[in-house]
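Here you get one chain, nothing else, as structure tokens; it is the form predicted on its own.
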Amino acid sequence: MKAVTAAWERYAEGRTPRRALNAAGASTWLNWTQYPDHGPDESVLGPLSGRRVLELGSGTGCNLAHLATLGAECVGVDISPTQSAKARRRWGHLPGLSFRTAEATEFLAGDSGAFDVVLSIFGPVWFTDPEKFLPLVRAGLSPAGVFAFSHRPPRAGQRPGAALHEARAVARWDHPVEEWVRLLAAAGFGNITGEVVAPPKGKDEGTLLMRAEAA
């Protein structure tokens, strides 16, 4: 685990802060894709006001902070102490928003509360064995709770289900939509939908986006 944390700390050190305003002039926003000002918004998650929301791999907190401004009670979890510290410095003034430093599966296994919404944007869903991870997410959801996540789609010619090593200590599960549907159903989710969001003009890689509900 120390090696995994160190790998994400190195990643955090090289990240530049999100800009203060997006193209629409908003100071907070949610972005599912790897491209700025592109793709669907928080409506993927359904109603948010008064809902208890967990983001796994919350990073610097920018996506979660937006949900807090919409009235959600938000908890962000990230394995990197540096990322959590950045999130607290930038967004710690917002009510209904807290950040914790923890490995995602350990947090899910130890938290006894139920969340109405769980999301992960290029986060630990992509970097954790789904057969272990997804049942923990399902157990942490309230009845009819929503789970949504995004990551880059598998590359052409890649063997389905292969765990790729992103860094020496970090593996990555690049599943296509069909395989995520199977895995989510096996973990007890229902109303499962998925798509690859088309990239903006001039880009050739889309974004895989999945949504499921506690069955």
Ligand SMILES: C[S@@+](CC[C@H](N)C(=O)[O-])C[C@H]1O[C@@H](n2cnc3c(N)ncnc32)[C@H](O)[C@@H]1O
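All values derive from a computational prediction rather than experimental measurement. Start at 1 with the first residue shown and count on from there.
The form predicted in complex with this ligand exists for this protein as well; it is not shown, and the discussion that follows is about that form.
The closest heavy atom approach of residue 123 to this ligand in the model of the complex falls within 4.5 Å.
By the criterion of a heavy atom within 4.5 Å, residue 102 is counted among the residues contacting this ligand in the model of the complex.
For residue 79, a non-hydrogen atom is located within 4.5 Å of this ligand in the model of the complex, even though that partner is not displayed. Although the partner is absent here, residue 57 is a contact residue: one of its heavy atoms lies within 4.5 angstroms of this ligand in the model of the complex. Taken together, 8, 63 and 83 are fully in contact with this ligand in the model of the complex: each brings a heavy atom within 4.5 Å. The stretch in contact with this ligand in the model of the complex, judged by heavy atoms within 4.5 Å, is 124 to 132, chosen from 124 to 132, 91 to 99, 140 to 148, 108 to 116.
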